[in-house]
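Here's a solo chain for you in C-alpha cells, the form predicted alone.
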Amino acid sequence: MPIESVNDFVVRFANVNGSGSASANELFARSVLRMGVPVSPRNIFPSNIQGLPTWYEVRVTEADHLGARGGVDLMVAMNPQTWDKDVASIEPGGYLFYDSTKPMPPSRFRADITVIGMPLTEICNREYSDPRQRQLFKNIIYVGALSALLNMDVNEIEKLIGEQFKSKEKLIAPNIHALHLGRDFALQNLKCPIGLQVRRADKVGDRIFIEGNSASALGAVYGGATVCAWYPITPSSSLAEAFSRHCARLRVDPETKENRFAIVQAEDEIAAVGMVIGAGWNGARAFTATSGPGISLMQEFLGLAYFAEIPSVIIDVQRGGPSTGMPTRTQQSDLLLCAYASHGDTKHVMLFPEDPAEAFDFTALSFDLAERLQTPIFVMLDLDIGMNHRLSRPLAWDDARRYDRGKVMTAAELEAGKDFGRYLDVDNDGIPFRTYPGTHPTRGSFFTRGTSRDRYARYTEEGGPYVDNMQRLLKKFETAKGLVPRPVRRNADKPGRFGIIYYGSTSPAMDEAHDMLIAQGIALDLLRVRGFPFHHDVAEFAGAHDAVFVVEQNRDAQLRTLLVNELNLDPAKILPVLQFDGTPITARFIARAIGDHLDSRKVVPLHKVVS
C-alpha cells in the first residue's frame, strides 16, 4: 500500500554536484517551513568541485523530530549514476519521482513503490535553447511539480523566489515561469496529490533557520573576538567566512569606517594557531576555525598555549578521519585528539553544543573561559551542525553582560607593590594572575615560558618547581569543572536500571529515539554532556545506574574512553553505541541498538556494521 502521511515524511533529492540543484532543493525546504511545518534538511555532498553525486534530504516533521530518521519516503531521482542505490533506499510503499524523457525498462523499478515519471528534459528542451538555462530551470520545474504532488501552497514558493532574487529582479519572472511549468504539467498529467502531503500548520513559532557555523561565528563576534586567523578546510571554512561578514556589519566604526577586527588567512593551520596564541598573549580575544587535520598540525602550539597559559579559542568542526578521511561527512571523532592535544601531560577544556543556538552561546562563552582559565578552549562542532540549516531557538544576548577577562593585574596594583608571580596561585584555584604587555614599564612584564619555570616565571629544571606547576595546572582543570556548561538530565517517569549519555549533534536523534523506546515500554534516564572536564553530575549519573549506554559517532568510543579514564568508571558498565559511516546518526538506529541489547540482556558492545 502507498504510504499516506501528512507533515511527516522524508524527501531525498539525488543530483549531480555542480548542476545548480542546491538552491532549488533549499527553496523546497524553506517553502515547507513557510507553511508552518518544521523541516530538518541535510546536504550530503562530495569533496570535489563538480560531477560526483550529491544528495539533499528534507525531513518534514510537524512532530519536531529534527534528527535524521533513516529511510526515504519520496525519492527525487535526478542522477542516473546512483539510480539503483536511490531506488533501493525508498521505504516500501514510498514514491519515486524521475525524469521519464528516456524510457526505462520495468526491471529498473520496484513493485512495492509508486513510480511517478515526468519528462523534465523534454520540457526544458522545448522551452529553453540555452544549455545552462535548461540545466538550471529543470531544478525549478521539478520543485513546481512537487508543489502539486504534495499539495503545497505555491504562493509561498513564489514569495521565496521573489526574496531570493530581490537584488536581481529580472530573474524573478523566469523562475516563477519555470515553477508553474512544472506545477501545471503535474496538475494536468499526474495524479495530484499523492499520499504524502504538506498541510499548513503553526509549529515553527519564533524559531530561526540557521547553519551552526554562521551561529558560531556570530557568537565569536558577541563574545568579543577581534582576531580570527584561519586556513581553509572543510567543513570549517564557512565559519571564518561568516565571521568576516558579521564583522563587516557589526565591527566597523560608524564614524571613521575603520575595521575593529583583524582576519588573516594564514599559509597553513600551524601559522593560524600561532597567530591566535600571539594575539591572546597580547590581550586580544582570538580564535581559529579548523577541522581534525588542522588540529593534528597545531599540536605543538597547543602545548605551548596550555603550558605557558595563554587564552585562545579553537573551533573544531569535525569531519570523518583519519588522514584526509571523508572531508564532507560528519563524525564526532576528534574528542581524544583535542582533550589531550600536544605531547606530555596536557588536558584541554572542550564544549559540546547540540545545535546552532548552543553553538552561538558556547562560542561566546569560550572566550570568557579562555581568559578566566588562561588556556585553550575547544568548541566541538561537527559538519552536521556546522554546514546544515537547523531550526533553532532565537539567538539571545544580554546587553548588560560583561566579559570575564579573568585575573589581570593592573598597573595601579603593580605600582602599589602587590606581589606578582606569573605562575603564582594566590586563590587556590590553580589560576595565576597575568598582565597585559605594556601594563607597567618595569613591573609585571608578560613574560611567557614554554619551558619549566618556578612560580615567578624564572627558568628552572628542578623537579620540585616542575611538579608544583604541573599539579597547579591539574587544580585549574578541576576548577574548570564548575565553569563549563552543566550536563542536562532527563529522568524517566519511573526509576530504571539503565541510563544513556550522549552529546552534540547526536541530540535530536537521541531525543526521538528516547520517545520510541518509551513507546516500547523501555524506561531510560538521559544525560547530555555539554563540557569537558566532566561535571560531578556525570559521575553521579553513571553510579546511579546498573549500566549506561554512551551514544556517539566514531569507531573507537572516544567519549566512553574519556568517561572511563577521567571518572574511573567500571568499563563493563559503560556500553558503547556507535555509528561512524559519515552519515548523521538516526533515531531508528539508536532505538534498535539499545532495544536489541535490552531484549538480549547481554552486556556486549553495540556498533553499526558499515558495509
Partner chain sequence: MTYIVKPRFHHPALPKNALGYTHRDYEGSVSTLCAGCGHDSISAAIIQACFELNIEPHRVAKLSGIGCSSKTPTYFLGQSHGFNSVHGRMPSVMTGANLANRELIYLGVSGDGDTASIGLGQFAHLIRRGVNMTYIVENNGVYGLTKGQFSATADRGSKSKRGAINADSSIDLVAMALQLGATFVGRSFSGDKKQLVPLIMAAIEHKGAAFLDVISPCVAFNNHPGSTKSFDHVREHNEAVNRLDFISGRSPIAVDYEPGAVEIVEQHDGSKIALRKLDGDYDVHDRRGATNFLLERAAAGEIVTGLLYVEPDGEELHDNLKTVKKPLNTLGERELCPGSGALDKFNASLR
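A quick note: this is a predicted structure, and the numbers were derived from the prediction, not measured. Positions refer to the first chain, counted from 1.
Just so you know, the form predicted together with its partner chain exists too; it's not on screen, but the next bit is about it.
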Partner-proximal stretch of 516-524, 220-228, 479-487, 96-104 relative to its partner chain in the model of the complex, 4.5 angstroms, heavy atom: 220-228
With the cut-off set at 4.5 Å between non-hydrogen atoms, does Phe534 touch its partner chain in the model of the complex? no
Residue contact check: Trp397 to its partner chain in the model of the complex, 4.5 Å heavy atom: yes
Gly278 near its partner chain in the model of the complex, any heavy atom under 4.5 Å? yes
Taking heavy atoms and a 4.5 Å cut-off, does Tyr466 contact its partner chain in the model of the complex? no
Select from the listed residues Ile263, Ile194, Val154, Val87 the one whose heavy atoms reach within 4.5 Å of its partner chain in the model of the complex. Ile263
Which of these residues, Asp345, Asp130, Glu540, Glu300, gets a heavy atom within 4.5 Å of its partner chain in the model of the complex? Glu300
Partner contacts in the model of the complex for 470-489 (non-hydrogen atom within 4.5 angstroms of its partner chain): none
